[in-house]
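Just one chain follows, in the form predicted alone, and it is written as structure tokens.
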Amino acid sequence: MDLLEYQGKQFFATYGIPVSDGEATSDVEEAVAIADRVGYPVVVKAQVHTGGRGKAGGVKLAENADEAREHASNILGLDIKGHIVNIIWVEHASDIAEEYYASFTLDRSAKKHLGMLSAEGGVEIETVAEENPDAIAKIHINPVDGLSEAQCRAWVEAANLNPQATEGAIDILMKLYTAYVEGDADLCEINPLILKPTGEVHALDAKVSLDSNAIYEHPEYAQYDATQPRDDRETAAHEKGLQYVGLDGSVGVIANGAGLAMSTLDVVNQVGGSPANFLDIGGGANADVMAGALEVINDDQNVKAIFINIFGGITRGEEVANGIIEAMSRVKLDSPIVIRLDGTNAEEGRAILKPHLSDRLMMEDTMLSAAAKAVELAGK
């Protein structure tokens, strides 16, 4: 769950990280009022889930109310890489002496948290990593032990920041790590982290990705979930509690488990087709879940065939089969279905499905043959 910049700054602020004074709005005159309140000069920033805002004209400096009004009018409604700007963030402009980069994320291979800090901020960290990898100081943190102030100090010194920034950087990094862990984040990034001429260190930007699986522990995250970019299909799936991502193909995909769903997309591509979606029903393949999945896929006008790929583990084959049959009785389908059922009690499940097979409901023994059949049907 990726936050907009202003949401990331609000998230940081709850952990005591200093951010610029500002507010978000969708109204031009309110933007001017915010600018008057926080004091000129101000920066008017487009709030969209994509990069390249500055190059697209989505970040502008205003020295007075007339300029704030002009920039707010031009930015609201702007199309930035297919994202329409509906919200802008107006903040007091900061004086900058130096720009740094700081972040925490998970290094899955090391099974530890990874902190990255660089004296070269304000640009994409990928560019720094490619052109000058030695400019990035990294630290691996055992989640059990956490980050100590002594470790953090050594890390800051290894990054060769301006000595003026040392104490402020340590303070912010310790708070950023707390936000990353306690906030159940996948990524907490500040780029740039700035040193002001006055010697203060300050988070000028915020990029935060939260673990959506932890929402149940954070009721306040509902406000972030409401602003996630979703098309109509994804919105419908989200309301049904389904893990869904819309794509542009003609073969609708239903699978249980994210890994199997991704493999299914690959196999559909391998046999010459194009998947219309990623849809993971998880461990639940009962009638309600299956009906919801079929409804979402059936509403996609581009879908010409549906591939249900189930490998039973905890979910047993006969449960899956009964769920599919009952779901089909609830949903009037426009496309034929191809099923591949394997795993726990797969034979029982196939026996239940067999009397219902027709030119609208087919069954194949392997994932490859089922994908090929679905692609063939979609082509017809």
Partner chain sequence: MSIFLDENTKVIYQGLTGSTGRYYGNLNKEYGTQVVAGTHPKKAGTDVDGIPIYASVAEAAEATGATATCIFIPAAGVQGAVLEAAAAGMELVVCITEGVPAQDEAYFYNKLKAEYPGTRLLGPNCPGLISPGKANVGITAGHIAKPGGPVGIVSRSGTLTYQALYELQQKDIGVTTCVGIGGDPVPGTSFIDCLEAFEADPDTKAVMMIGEIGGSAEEEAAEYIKNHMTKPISSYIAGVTAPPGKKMGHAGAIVSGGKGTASAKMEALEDAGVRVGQNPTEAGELMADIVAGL
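Each form is matched to the other, and the largest set of C-alpha atoms that superpose within 1.5 Å is called the rigid core. Since we're looking at a predicted model, the values are computed, not measured. Residue numbers count along the first chain shown, from 1.
A second form of this protein, the form predicted in complex with the partner chain, is not displayed here; the remarks below concern that form.
With the partner omitted here, the stretch from 88 to 96, 106 to 114, 159 to 167, 71 to 79 that lies within 4.5 Å of the partner chain by heavy atoms in the predicted bound form is 106 to 114. Contact with the partner chain in the predicted bound form, defined as a heavy atom within 4.5 Å, is made by none of 39, 64 and 199. When the partner chain is considered in the predicted bound form, residue 256 lines it closely, a heavy atom lying within 4.5 Å. Contact check for residue 123: every heavy atom lies farther than 4.5 Å from the partner chain in the predicted bound form. The partner chain is not drawn, but in the predicted bound form it has a heavy atom within 4.5 Å of residue 367.
Residue contact with the partner chain in the predicted bound form: residue 135 places no heavy atom within 4.5 Å of it. Scanning 295, 171, 205, 186 against the partner chain in the predicted bound form with a 4.5 Å heavy atom cut-off leaves one residue, 186.
Contact annotation: of the candidates 119, 128, 247, 291, the single residue with a non-hydrogen atom within 4.5 angstroms of the partner chain in the predicted bound form is 247. Heavy atoms closer than or equal to 4.5 Å to the partner chain in the predicted bound form belong, across 248 to 273, to the residues 256, 257, 258, 259, 260, 262, 263, 265, 266, 267, 269, 270, ordered by sequence position. The Cα position of residue 365 differs by 2 Å or more between the shown form and the other one after fitting on the rigid core. When the rigid core is held fixed, the Cα atom of residue 310 travels 2 angstroms or more between the shown form and the other one.
Core-aligned CA deviation for residue 347 between the shown form and the other one: 2 Å or greater.
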